[in-house]
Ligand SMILES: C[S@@+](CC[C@H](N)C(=O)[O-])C[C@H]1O[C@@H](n2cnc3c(N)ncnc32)[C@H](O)[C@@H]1O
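Before any questions on binding or motion, here is one chain by itself as C-alpha cells, the form predicted on its own.
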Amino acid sequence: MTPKFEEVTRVQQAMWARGDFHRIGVSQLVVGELLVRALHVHAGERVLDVAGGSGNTALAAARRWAEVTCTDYVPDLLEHAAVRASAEGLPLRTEVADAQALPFPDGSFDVVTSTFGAMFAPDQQATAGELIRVLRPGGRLGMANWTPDSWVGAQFGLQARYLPPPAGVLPPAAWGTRERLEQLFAGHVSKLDTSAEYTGFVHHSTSSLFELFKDWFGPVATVVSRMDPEQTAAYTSDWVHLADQHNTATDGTCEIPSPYLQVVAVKPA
C-alpha cells in the first residue's frame, strides 16, 4: 500500500469510528443472510468476514455452523459483534484487521465475505488481491456492494460535493459494477456471478432518517463536523431532498429501496 493510501486509510478509519455504525448496519441483516445462502456456506467451513462491522454477515455464517472470523479496523464495532454472538450463543472470533493487508496466511479460508465493507478501502486493487489471497484454491468469495445508481451511491456522490475525496481514490460504488469487478479480479477467479438485489431503509420520515445518520453514521457525521452552519443547512437540505426523491412510502413515513450488487466468485482450484 502506497503512502497516499496509508494516509487515506487513517482518515477513513477515524471517520468510520465516529458515531456508531451498528445503529445503521443492524437494519440490513437480510443482506448477510442472503449472501451466505447464495454462497452455500456449510457447517465446519472456515469463513472470514472482511470489514464486517458489527457482524451482520459473520453472524449469518455462524448460524450455519461455520467457523467464523469477523474482522474490521474499528475495534468498537467488533465488540458489538462479540456481544451479539454471545447473546445468540454462537461461537465467533473477532480480530482487528485492515482489508488492504489481512493478517492471515495464504489459503486460510474456505469462504471470504464482505458486505458493504471492503468496497470502501481506498486501495481497491490491493483489497481485491487480499480477498483472493486468503482463500484456499476452489474457495468462494461473496460480496454485497452498493451500485453507483443506488440511493447510497447517490448519497456518497453528494458527500463528495461537500467533502471532495483525495485525488486518485476511486469511488467505492465502482465495486458495484461488473466491469470494475472483472478488472479487479482478472485472472484470479474461475467464476464470477452477479445479481441485482436491494435492501430498504425505513424510518419515521426522511428528515428523521437524516438525524439518525447525522448522529451515528461516520461519513455523514464527519461531513457535518467540518462545515459551518450555513454549509450544514445546505447539506442537510440536499441530503433530505435526495432521500425524498428515492422514498417510496406514501403515508408520510420513509421507505427507501437501495439497490446493491450481490457477488459470488470462485478462486481457481
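Given the structure is predicted, the values throughout are model-derived calculations rather than measurements. We number the residues from 1 along the sequence you see.
Quick note: we don't show the form predicted in complex with the named molecule, though the next part is all about it.
- This chain is drawn without the named molecule; in the model of the complex, the residue among 128, 74, 189, 111 with a heavy atom within 4.5 Å of it is 74.
- The contact with the named molecule in the model of the complex, taken as any heavy atom within 4.5 Å, belongs to 51 out of 243, 62, 41, 51.
- In summary, the region of this chain contacting the named molecule in the model of the complex, judged by heavy atoms within 4.5 Å and restricted to 131 to 139, 96 to 104, 165 to 173, 190 to 198, corresponds to 96 to 104.
- The named molecule is not shown here, and in the model of the complex it never comes within 4.5 Å of any heavy atom of residue 143.
- The named molecule in the model of the complex comes within 4.5 Å of a heavy atom belonging to residue 117.
- Proximity of residue 260 to the named molecule in the model of the complex: non-hydrogen atoms within 4.5 Å are absent; the residue sits far from the partner.
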